[in-house]
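Read the single chain below, which is given as structure tokens and is the form predicted on its own.
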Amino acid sequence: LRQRHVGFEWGTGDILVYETNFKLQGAGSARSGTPSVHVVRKDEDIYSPILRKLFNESHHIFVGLQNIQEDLPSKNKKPQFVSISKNYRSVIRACMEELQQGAGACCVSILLAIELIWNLCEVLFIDAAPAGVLLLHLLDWVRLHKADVDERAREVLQSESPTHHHAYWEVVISFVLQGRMDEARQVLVKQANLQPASRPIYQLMDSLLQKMPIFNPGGTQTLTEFDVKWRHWHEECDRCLQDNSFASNRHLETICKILVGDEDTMLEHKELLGTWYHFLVSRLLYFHPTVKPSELHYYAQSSMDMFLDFRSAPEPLDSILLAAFEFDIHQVIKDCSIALNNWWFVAHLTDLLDHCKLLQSHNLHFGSNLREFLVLEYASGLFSHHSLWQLAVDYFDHCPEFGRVYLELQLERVPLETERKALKVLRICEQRQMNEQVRSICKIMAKRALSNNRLGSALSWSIRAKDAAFATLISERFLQDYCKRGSFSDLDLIDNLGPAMLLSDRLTFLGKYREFHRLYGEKRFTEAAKLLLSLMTAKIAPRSFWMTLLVDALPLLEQKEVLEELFISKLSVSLSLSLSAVCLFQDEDIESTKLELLRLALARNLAMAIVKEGTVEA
């Protein structure tokens, strides 16, 4: 689109960009060809079938988190928050496994980064592990995200001669760098069995690995006691190195240098470490295992500087992890919002951190807090999807400040392709007393049904919308159809109008007129005559329908039970008056012969009624 003038239109989840006919100053002659139209989506990930599983599963976790009792102390809720965090991570892992089976390498790398950051935030912020336990959690974090060590170990151990495999010592050193002493000893013993002459130094190394103290948070040992014990072990390793106990075997000497925390030796194995944060954890393991959370930022920054080449700038992931090690939560969220291509991660992580009371001091300048802003952005993106929009409703519900306003605006934009979808949207609005949206949806569906000549559906929607004017219009259509066909359609609906018929006079007339036909069909002539009389005297019938009422009334005048009720004179008088009104407003469509026949019939029945009522029985 270079050297072109473009216009754009905002959509609910995308932007439509198109070329215009406007010519820029200094631009060359107009290019030939058809102008292009581009659709730019901001949340492309929501259209991935596998990632939809992530959105659906995480929605259930999100709703469950909102239902945690607020009155419980934060300490009592901490295990629940940690469990919820692990649930989020398990959903991410499940999606990664599905993507790895397909061809989603790009999405896998993004999910790997998301899970890496989330896991670290869980360790540092949600679990908030103290000194001693902190390093154990960081070791688990590194082991989980450096799984290629296990794959390489299986390859070595399943080979014909593991000790002669080119990656044998790489596996041993990798295990040591991750603090996995038992696995390292199991692999080392294979080498010791093949070299009886060197068995003493292998046994010495095995002893050092076995003796390495590991802090047990559930035990009786205090952190100070552990620190003293670890220092004694560290000094023993250092003595072995100073005594050149492993000088005859460079691999064992390398391992011993790692055990004493030699940074240069660790950096010589960058390819085994892979990342600066693995180097950080290995460095802490053999240099300062009782590191406090407040000291992490110093070691993190120096480890990144030592590991990364000074000529290469840190990647966005490096900056995010470094901000986490510096306990700068807001910087982590900010950097993730910029680096990641959707709002899922920052919305759910921020929501969890907010429940942990870690974001209370950070409000935005435009009215909403950080948590609500991110949740609103994520939910708005979901609304652009044809099925995920239903998940977004719960997210809006749990945004107390602006959630309802956003939901009202988004629901108005949902395309109502089918009645089923319209009913879903309507149910959402009714549950939240969104009366204006309910009326709007019902009016749209009523007009659509009427345009398709589905009168029953149109009437049902107009009643639901409480739209008297539209209900009157549809009622008149029903009456017009009756005049043309001589029968009503959608009898089930009309017969069961109930109190809804009071919405408008025309709808009332439609319901009562149908009731008149039902009574007449059941041969309950007296009740039918009374109802017809009330319809005439109430004057709620349309003028075009008066002649039809007169014709309907004539058979009743001949019924014996009506005569016995001495009711016929009132009916005849009413019919005569109605006939006079018809004549007064006579139009061209009413045949004069039909009027004469009606007039004669009414005169005869009126005379008969007068005689009947004036006769005194003997």
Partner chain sequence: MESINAKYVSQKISKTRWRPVHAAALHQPTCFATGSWDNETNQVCIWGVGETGMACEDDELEGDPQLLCECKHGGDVLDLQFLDQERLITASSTGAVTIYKIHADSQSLSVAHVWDRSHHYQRASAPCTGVVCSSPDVVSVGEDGRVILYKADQRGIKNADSSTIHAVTFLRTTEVLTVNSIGQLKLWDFRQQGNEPAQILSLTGDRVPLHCVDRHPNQQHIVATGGQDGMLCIWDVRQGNMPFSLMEAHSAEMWEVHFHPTNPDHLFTCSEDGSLLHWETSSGLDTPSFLQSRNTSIMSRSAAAPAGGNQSLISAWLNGDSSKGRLETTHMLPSQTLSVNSLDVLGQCLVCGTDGEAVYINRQVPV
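Only the largest set of C-alpha atoms that superpose within 1.5 Å between the two forms is called the rigid core. Keep in mind that this is a model prediction, so the values were computed, not measured. Positions refer to the first chain, counted from 1.
Although not depicted, the form predicted together with its partner chain is the subject of the following passage.
Residue 417 within 4.5 Å of its partner chain in the model of the complex, heavy atoms: Although its partner chain is absent here, residue 417 would touch it in the model of the complex, with heavy atoms inside 4.5 Å.
Close approach of residue 498 to its partner chain in the model of the complex, 4.5 Å, heavy atom: Residue 498 belongs to the contact set for its partner chain.
Partner contact for residue 221 in the model of the complex: its partner chain, 4.5 angstroms, heavy atom: Looking in the model of the complex, residue contacts with its partner chain do not include residue 221, since no heavy atom lies within 4.5 Å.
4.5 angstroms heavy atom contact with its partner chain in the model of the complex for residue 125: Although its partner chain is absent here, residue 125 would stay clear of it in the model of the complex, with no heavy atoms inside 4.5 Å.
Interface stretch in the model of the complex with its partner chain - options 265 to 273, 388 to 396, 370 to 378, 180 to 188, non-hydrogen atom within 4.5 Å: Looking at the other structure, the answer is 388 to 396.
Non-hydrogen atom within 4.5 Å of its partner chain in the model of the complex for each of 56, 423 and 490: Yes, each of 56, 423 and 490 comes within 4.5 Å of its partner chain in the model of the complex.
Listed residue (292, 164, 484, 427) with a non-hydrogen atom within 4.5 angstroms of its partner chain in the model of the complex: Residue within 4.5 Å of the partner: 427.
In the model of the complex, the one of 137, 229, 454, 78 near its partner chain [non-hydrogen atom within 4.5 angstroms]: Residue within 4.5 Å of the partner: 454.
Exceeds or equals 2 Å, Cα of residue 503 between the shown form and the other one, core fit: Moves: yes, 2 Å or greater.
C-alpha of residue 422 off by 2 Å or more between the shown form and the other one on rigid core: No, its C-alpha moves less than 2 Å.
Yes/no, residue 199 Cα shift of 2 Å or more between the shown form and the other one with rigid core fixed: The answer is no, as the C-alpha of residue 199 shifts between the shown form and the other one by less than 2 Å after core alignment.
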